[in-house]
Ligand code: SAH
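The chain that follows stands alone, in the form predicted on its own, written as structure tokens.
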Amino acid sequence: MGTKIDIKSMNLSELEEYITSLGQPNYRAKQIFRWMHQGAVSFEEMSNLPEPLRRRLAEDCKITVPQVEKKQISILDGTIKYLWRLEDGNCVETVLLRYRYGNTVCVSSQVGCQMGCAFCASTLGGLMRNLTPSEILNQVLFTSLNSGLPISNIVLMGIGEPLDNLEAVLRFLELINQKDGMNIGMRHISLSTCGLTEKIDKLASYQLQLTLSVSLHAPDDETRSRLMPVNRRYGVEAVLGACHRYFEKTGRRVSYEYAMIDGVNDSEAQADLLANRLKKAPGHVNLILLNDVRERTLRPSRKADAFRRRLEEHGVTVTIRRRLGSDIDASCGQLRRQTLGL
């Protein structure tokens, strides 16, 4: 038998086309879609489908379902971190963050990462493979089902570079936005990238109303290339140029992620340069208190407040991200490495 169809990665129109090819009325597609997006793990559960159809679906298709390999819960703030085992044995991480305004899920888009950022555990060991749309979707769905908590917001900021898996990410966004599915609006979704400029331009062409978060982390090429090898191909000016075009195309202001690293990117001169750079591509700066990674030598800066004040003096909108899950393996990639012995 050949490879089974990943039916949960289909959108509604593809599902309708497939179902009608089986001689079934197209309304069956919406029934199947709803079952899957409510957490059904087998076709046998779909009690409003005729039995011959259920048998045919089980023969030809699969419903991807992750298994909880490990689960950590913060006693400080209720943050929950999941390590999901996929059907091929690979694992990815998902984090549930609890805020006053609702619950946010941070999802992975790849198994591993090839970007090589110096402060990140996810990239240690390189890229194994891309996730499918259903595997990204499952992180949101089964985190909600396992925790018993509703999900209001999504950030694509876990393991992997989302724009390096753009087609699957775009399909995931379509699926998660469906009113017959989890129905999470684009304005409640944030996508983080290290700055793949041509992919930023392609994303902009879809004019989605999500928030683009760009991992900048330094205002100059020398420092950014030290932290992020991708900068040797996509320099600071090129990245900010793509961000400006994104704003012009979508009307959505960009969020700039800036991990505060001791003695590397936290000087007053760098704050001044950052503020000057952002005059051409304005947006919101999100200062991040770096998480310690055992395999890395970089350490969190103690100058975040001073850096923030310096940016504010230049008129830059800036916040310091609240640190959650500090008593568990909060930095993406660490739980996967420890559990699998990578």
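Residue indices: 1-based, along the sequence shown. Values in this document were obtained by computation on a predicted structure and should not be read as measured data.
The same protein also exists as the form predicted together with ligand SAH; that form is not shown, yet it is the one meant from here on.
Among the residues V254, L141, C120, L131, the one placing a heavy atom within 4.5 Å of ligand SAH in the model of the complex is C120.
Taking a 4.5 Å heavy atom cutoff to ligand SAH in the model of the complex, the contact residue among A306, A58, L289, V68 is L289. Of the heavy atoms in L97, none are within 4.5 Å of ligand SAH in the model of the complex. Interface membership of L156, defined by any non-hydrogen atom within 4.5 Å of ligand SAH in the model of the complex, is confirmed. At the 4.5 Å threshold, heavy atoms of H217 reach ligand SAH in the model of the complex.
Interface membership of E161, defined by any non-hydrogen atom within 4.5 Å of ligand SAH in the model of the complex, is confirmed. Of the candidate stretches 133-141, 78-86, 193-201, 241-249, only 193-201 has residues whose heavy atoms lie within 4.5 Å of ligand SAH in the model of the complex.
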